[in-house]
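Only one chain is included here, represented as structure tokens and corresponding to the form predicted alone.
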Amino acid sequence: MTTSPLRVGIIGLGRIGEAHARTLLDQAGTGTLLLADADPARAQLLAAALDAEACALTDILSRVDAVVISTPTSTHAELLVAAARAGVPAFCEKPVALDVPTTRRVGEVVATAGTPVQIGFQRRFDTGYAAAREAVRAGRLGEVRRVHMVTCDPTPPPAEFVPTSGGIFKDCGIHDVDALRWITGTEVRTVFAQGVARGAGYFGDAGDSSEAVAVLTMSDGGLATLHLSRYNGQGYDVRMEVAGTQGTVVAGLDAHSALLSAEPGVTFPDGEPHGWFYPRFQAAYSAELVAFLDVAAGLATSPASIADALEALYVCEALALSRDLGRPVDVDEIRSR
């Protein structure tokens, strides 16, 4: 345990990595900030702009007290293993890996090393989602019967992103699944999903969907629905409605919600919809990194573990299988493999 500022490394300096770097600079728990990227010139340019230090990928784990991994998904597993073996606490964007065996292997290595890892499920740090969880846990909604989840992007990702993204369920839906488990305290038992590839041809070419819907049955008998889209023209729309026998709350319903009321005279929501994910969750991204600094310093346990990531991945694998087979899938079919 330490209360001294930490030497924090960031590996991967795309738009989320750069945003994380700017956030960490403002935190009292951050001492030296070291930046590394597969493109050394990018690291040098950002380091100069932020008064941070550029570092080679091969050296960074030997020079830091904690590391933030914001690289492409295909590299997450190897970097998490390397950090664990180096004894460096790690924050890693979701998912740990795109398949169950690799995720399990990483979890085993991390458990053996005893090095803390926090996965980037930032909705756990969003004030609306946290308030919904508190309402459920305090019993103010009564018995939760229904949950409705929405994650809709305003524009599709680049063509080169889709084949390595893991598909719409692992890339987008995994956040909803994790939030569902975290808020309700129950597990997903069965899923029935459908998806279509509309718009750009590269979704179909990759075997992915640009639009998807699913019904999820929970272990307590409750029902949840999930809507995902890559073409939500009104703006970035992320919401969760939790309905119980005594009340209903909605996370993500505010003036910036990407909705228009069809009712005469109703002007809500009247704000500008968010254009992409970072403005919508900027406060949550900051809060999760502050939490990670405490985890890395030994002051707190991880609030989003590899075990949590694995449970969400089981459900997302089941969703994709259900879509492909056109039938309901029991999550235990995936868990038992």
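For clarity, every value in this text was computed on a predicted model and none was experimentally measured. Numbers for residues come from their place in the sequence shown, where the first is 1.
What comes next is about the form predicted in complex with a small molecule, which is not displayed.
Report whether the minimum heavy atom distance between Gly9 and the small molecule in the model of the complex is within 4.5 Å. So Gly9 does not count as contacting the small molecule.
Leu13: heavy atom within 4.5 Å of the small molecule in the model of the complex? Although the small molecule is absent here, Leu13 would touch it in the model of the complex, with heavy atoms inside 4.5 Å.
Is there a non-hydrogen atom of Ser229 within 4.5 angstroms of a non-hydrogen atom of the small molecule in the model of the complex? Looking in the model of the complex, residue contacts with the small molecule do not include Ser229, since no heavy atom lies within 4.5 Å.
Hey, in the model of the complex, does Glu272 get a heavy atom within 4.5 angstroms of the small molecule? Contact with the small molecule, no.
Okay, which stretch from 204-212, 167-175, 148-156, 101-109 lines the small molecule in the model of the complex, with non-hydrogen atoms inside 4.5 Å? Single hit among the candidates: 167-175.
Heavy atom of each of Arg124, Gly128 and Arg140 within 4.5 Å of the small molecule in the model of the complex: No: no residue has a heavy atom within 4.5 Å of the partner.
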